[in-house]
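Two versions of one and the same chain are coming, encoded as structure tokens; call them structure 1 and structure 2.
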Structure 1
Amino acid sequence: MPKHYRPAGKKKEGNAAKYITRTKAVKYLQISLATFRKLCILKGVFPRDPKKKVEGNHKTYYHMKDIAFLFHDPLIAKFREIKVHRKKVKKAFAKKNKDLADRLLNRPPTYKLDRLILERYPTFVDALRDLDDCLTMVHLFAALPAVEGERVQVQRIHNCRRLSHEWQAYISRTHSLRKTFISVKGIYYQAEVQGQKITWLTPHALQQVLTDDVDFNVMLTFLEFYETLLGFINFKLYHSINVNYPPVLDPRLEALASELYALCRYMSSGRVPGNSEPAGLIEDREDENNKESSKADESELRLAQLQHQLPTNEPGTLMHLVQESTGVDAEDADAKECRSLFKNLKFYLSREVPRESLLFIIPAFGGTVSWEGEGAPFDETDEDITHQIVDRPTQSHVFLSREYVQPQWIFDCVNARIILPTEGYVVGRVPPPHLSPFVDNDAEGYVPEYAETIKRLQAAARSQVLPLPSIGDEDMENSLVEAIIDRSESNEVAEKKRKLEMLEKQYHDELKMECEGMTFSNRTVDNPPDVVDKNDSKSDDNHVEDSHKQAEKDAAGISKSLMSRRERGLLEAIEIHHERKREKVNLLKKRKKNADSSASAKGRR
């Protein structure tokens, strides 16, 4: 009898029992392939990649537990009911029974995804962590043209636009935006909500065309789930800041396509859940004063409430609680910096700039903004305007009391967290390179020239180049003494290192003499120690460097020979990655050098 013989009817084991192909799963659930795909998207079931593919490598596999999980879901019954309803409508039209068809169309079976949201995201933080794709998809459909007869319903597009504006209004109101970047694909944003970093992409405000190479049925299924998810998240976030949801907007502003500004006005009016009438406008200065005055009282009250909960036999617990209570203030320091970036600045947007993006960014960093058109809070002739955002070379009216800058200046100021000089962003001039805040220049090995300029401006803005004002005379003397001690210690270390290098050089010279068959007496006669040739010293230095490199190479070769095959492969992959990174950095430096040389040549002409 073979070793792996299994009698007929015996229960399967291993991968054959754990995984099932997609064709068998569809037959097992007794649904169509489109319904199976939609059910998997809504329930969050995805294909698996087993180590041993029993049915072959060309098939898609699912976990048997996931299929059993789908088998008992109530959505399958709803989908079957919808399928039956469509057949009834089709049959009524075929029999030319218009009344029955109208009654059936007016009462279609519906379903809700509220249960799936709680099922897939048990806590609110889990939902925030999975919000990146949701926001990108909602903002993408919000930018599509709302035209009847297209593959996307107009109601879905309006709903996506409403959800995206509600999310942006919350981010702008709570000053949670951290990074922005303009790319070819669109505009990237990164916000921090309840300690979670959320990054999403919004398309440019251009005319979108629906192509035929995109499966809109799959995308609309994702959108159906994401709309429900974002609605729940907006509801939770709005109630966390004591604002009613859904918001009731000003119909005049809504008719003028100024939904985001209407939402900001609604949130600033202070509508509390359970209260139908506005509580009045709340000034920001009063809020800041109240927060600063009650900050110490809140921390003391929290420590007093938690004092009786401390176990008596655990040392250091009070210190942990103190660190947690002060950690909230440390986290709010970043929000405070963002809140006051554009403080006391007044912006006016011309009609050619991206209005929605700037209306979202400028209030998120503490600025006041208006635009050219109806429904604007103030006109272009306002004398308090400090900056006007324009993107055309000539202006009909020029006010000497304000500065005219390009839209990139706003994005660069947000990423640098300082007010950058406006000379490089004047209208008609090519602006500086727009650097991505999502790239770590130190890790990449190449720091652009403008990034170094921004670092110097940041250091000057934060007074890092000046002595600290809190240091007194005694502290200054102590710091000078510590600096002198550190300097003497570093000199001693450098002297020891130099002596070791001299001894190593002498040892290599003696080995070289021994190989050549020379004696020490002949060496001293031919080359007296008092006479030192500069060329010989340079050659000796090069020889020392070569010996160091050879020693490092030998040590790396020995360690590599002791590795296993897998570790050696990983090391080679890492070395290839570093080599590609060096080549990329060298290419960037070469391009920078060529650009500088061409610019200097044009300047000479």
Structure 2
Amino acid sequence: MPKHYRPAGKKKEGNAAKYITRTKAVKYLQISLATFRKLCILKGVFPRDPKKKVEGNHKTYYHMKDIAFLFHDPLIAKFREIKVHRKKVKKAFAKKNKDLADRLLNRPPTYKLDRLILERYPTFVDALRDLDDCLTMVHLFAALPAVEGERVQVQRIHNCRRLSHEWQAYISRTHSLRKTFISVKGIYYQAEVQGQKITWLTPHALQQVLTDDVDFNVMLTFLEFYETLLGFINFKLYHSINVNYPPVLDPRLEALASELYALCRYMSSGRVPGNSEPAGLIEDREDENNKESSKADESELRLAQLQHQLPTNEPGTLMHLVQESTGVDAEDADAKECRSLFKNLKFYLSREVPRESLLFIIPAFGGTVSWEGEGAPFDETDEDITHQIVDRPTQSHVFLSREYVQPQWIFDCVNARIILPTEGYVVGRVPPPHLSPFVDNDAEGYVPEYAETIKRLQAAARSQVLPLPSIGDEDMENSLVEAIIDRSESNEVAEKKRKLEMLEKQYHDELKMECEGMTFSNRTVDNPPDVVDKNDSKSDDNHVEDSHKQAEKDAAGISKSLMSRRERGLLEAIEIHHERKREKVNLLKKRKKNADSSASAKGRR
């Protein structure tokens, strides 16, 4: 007899009536399993956990209301229609009725997902909240090889690329990027849009290999929804900054695979329509050559667009993209900080650095950027370039006016929100460790060395920066606020100093102890009997220490005997969790110590 037996003919109620297994749901909806999957993905229906699993523990349960929700969706009818259409086409081909087949193929039944999106995300913020997966997926597909005959259509991949670039252009334009992190898996970005933190992962700019262990049907269904969602979101976002949405891009730049830059330019130009027509004519001729390669049908529109863009083609005008302020008053301090991080800095990317991500990040923090290759806004020989991003073992030709840094420097600067000193990131050196900005070091219990260095630098930068604005014409209130900030900062600094002092003291103590240890080990060689005594005393010490520890433990654990079983279990679980965390931190500390000692040994050698 099953676990929850219900006699035949008895009315279903409770969990038996509320939940339905997947097989039954499929039968109820009279669709195939594949269609059911597709429907679930598109409608965002997921299984739920009933309190009582009436049909057995190893089955998936859907809520009956969810299934009814699917049942009434017009999409089911549409799917049936598509199936029928496919059959018709097949039949027409089989009967060699090419006319009919062509006619049928010309007008396949289509469906739209806009209604579903609105249903799933009634407000825009809801959609933004769920955007993480969408962005990650779209960026992943954008990195797939766009090869004809693969399992993913080329058009889809191009569409993904376009969408991801549009999204990045918006983020970069509004300076809403907050954190970046290069991991082994790819580059993580975190942006803040309308108060929602959106994190996504882009694979490294290398071509992914399509593996066989994934079901592309499922992924493409997800992608179908995500493409539509991102399209609508982009539309809304572009609309919010008064830019036409389906952006018309510069075909030349597009051909050069620098869509993002083209988009950025589009956005800046979309706001300020160009007024220098004659310049456009000259450039037009130049573009003529490139245009041949591009598709003909879009050329008219693009031409019109190009004419708008041309005035910004000189290198200097790109700056106004950054300087131009839109709704500054609405922005908070964070955004302001981000906007002006790379202000007045000019970057030049070498051929070997990942251009896409840097082209995205640097303008997002207010910098100006160019790259080695066609369509670049300015050359390597430009005198104003302050930093050149290089990722090669040696740099042969060096301009003295600029600094040569590795790409990690940009990422670290962005995370620290200060311009870090470039010494560590010089060409040919192994850069300092790249730390994740998503980790709360204090909560984790372990602060890496470099994080502390960065913190110190940040504090220093702040104390440097802060006195400056007080000179300017600020009103009383501001100066007051700043005074408060100053005070709090000075407190912080003081605390830090104390901490440092403590650390120093500890270090000295350790040193002393180490010295003693050294002498002790020396002595062991001299007179062995002494050692026994020492060891004895040591073991005694250990014993005493043990007993102390035991006593402490007892004192902590003694009240446990009075707790109820449930509470005790909870407490023990928490303790185990803490213990694991501590172990992890200890392991890190141990490794660090080992590494330090080995490094120092090497240094001595």
Partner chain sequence: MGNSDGDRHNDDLSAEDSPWSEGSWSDDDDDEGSLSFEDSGDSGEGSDVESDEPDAAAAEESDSSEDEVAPRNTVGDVPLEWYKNEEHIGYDIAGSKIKKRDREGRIEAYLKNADDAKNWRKIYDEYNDEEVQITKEEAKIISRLLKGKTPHANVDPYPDYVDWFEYEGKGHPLSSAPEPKRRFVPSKWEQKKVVKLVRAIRKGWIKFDKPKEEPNFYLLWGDETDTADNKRQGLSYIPAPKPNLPGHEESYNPSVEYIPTQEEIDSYQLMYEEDRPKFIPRRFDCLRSVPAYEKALREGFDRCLDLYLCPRTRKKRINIDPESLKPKLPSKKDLRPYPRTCYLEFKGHNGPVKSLSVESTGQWIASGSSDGTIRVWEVETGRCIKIWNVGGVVHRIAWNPSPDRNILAAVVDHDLLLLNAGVGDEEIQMKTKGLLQIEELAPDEDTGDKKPAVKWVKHEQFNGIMLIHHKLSKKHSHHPFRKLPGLPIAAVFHPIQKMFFVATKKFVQVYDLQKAQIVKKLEPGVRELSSISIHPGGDNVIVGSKDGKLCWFDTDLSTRPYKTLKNHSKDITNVTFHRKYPLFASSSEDCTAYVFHGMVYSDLNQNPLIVPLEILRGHSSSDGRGVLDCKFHPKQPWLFTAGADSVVRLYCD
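This structure is a prediction, so every number in the text was calculated from the model and none was measured. By convention here, residues take numbers in order along the sequence of structure 1, the first being 1. By rigid core we mean the largest C-alpha set that fits within 1.5 Å across both forms.
Of the two copies shown, the first one, structure 1, is the form predicted alone. The Cα position of A34 differs by less than 2 Å between structures 1 and 2 after fitting on the rigid core. R566 is among the residues whose C-alpha shifts by 2 Å or more between structures 1 and 2 once the rigid core is aligned. Core-superposed comparison between structures 1 and 2: the C-alpha position of F93 differs by no less than 2 Å. We note a C-alpha movement of 5.5 Å at D554 between structures 1 and 2, with the rigid core held in register.
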